[in-house]
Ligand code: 48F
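As a starting point, one isolated chain is supplied in structure tokens, in the form predicted alone.
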């Protein structure tokens, strides 16, 4: 067994996948529960989808459950999504179910990739591509990416770009893509103040209730989902209940599909 052949196999196959992902329908920043869920529902419809995750592993905060107890709570509204992903869930009391955090993350990742989504870990989004539409409207048309190790090491290394018809910010509490847009363009987000309003203290019921309303196009070409949506629109954090994350990811996919269909009609 030749080590050079092993290395060549890894390098050739990886860069083939990366090159194929430089021009996509939907690019998602963040492979947490909402990003993975969105990727599954998009890829299932034959939409070319890629996720860039800055960490070594996928799953966002889900693998840690609540305070490193790796169980999570899912409410009744999201149970059918768990069923679709074939995740085992045990009823705890009326309207609430317990699921294993690691099983859930594994299922989300596997189903998204089996549906056709490409996932790259250890790649960070450090900027966005902004162009003007035919109506002289600023619109996000892609992501600017770099190895996560570059930023962690504080190296000056120029990035590369990915073109995408739709971008989804699924970066969690930090709302990283929305934060980049605000930094580059000023308070132009579709929030009441135009800027990132910041997440409020924990209030699970209210945070879950407001999450789907916050899952929307926050700037032309940019959809926000999951905890990033609540952070951008100033809603509470929710803790270790994850049904809203799954429902938000599915809703983000639906919004992206609607936008892609409009683009097809206009063409």
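These figures come from a predicted structure and were not determined experimentally. Positions refer to the first chain, counted from 1.
Absent from the display: the form predicted together with the ligand. The rest refers to it.
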### Query
Thinking of the ligand in the predicted complex, which stretch from 110 to 118, 190 to 198, 134 to 142, 172 to 180 has heavy atoms inside 4.5 Å of it?
172 to 180
### Message
With a cut-off of 4.5 Å between heavy atoms, is residue 227 one of the residues that contacts the ligand in the predicted complex?
### Response
yes
### Query
So in the predicted complex, does residue 245 come within 4.5 Å of the ligand, heavy atom to heavy atom?
yes
### Task
Examine residue 212 and determine whether its closest non-hydrogen atom to the ligand in the predicted complex is within 4.5 angstroms.
no
### Query
Could you tell me if residue 239 has a non-hydrogen atom within 4.5 Å of the ligand in the predicted complex?
yes
### Task
Find the only residue in 42, 27, 218, 31 having a heavy atom within 4.5 Å of the ligand in the predicted complex.
31
### Query
Which one of 123, 74, 128, 167 is close to the ligand in the predicted complex, taking close to mean a heavy atom within 4.5 Å?
123
### Query
Which residues in 33 to 54 have a heavy atom within 4.5 Å of the ligand in the predicted complex?
33, 34, 35, 52, 53, 54
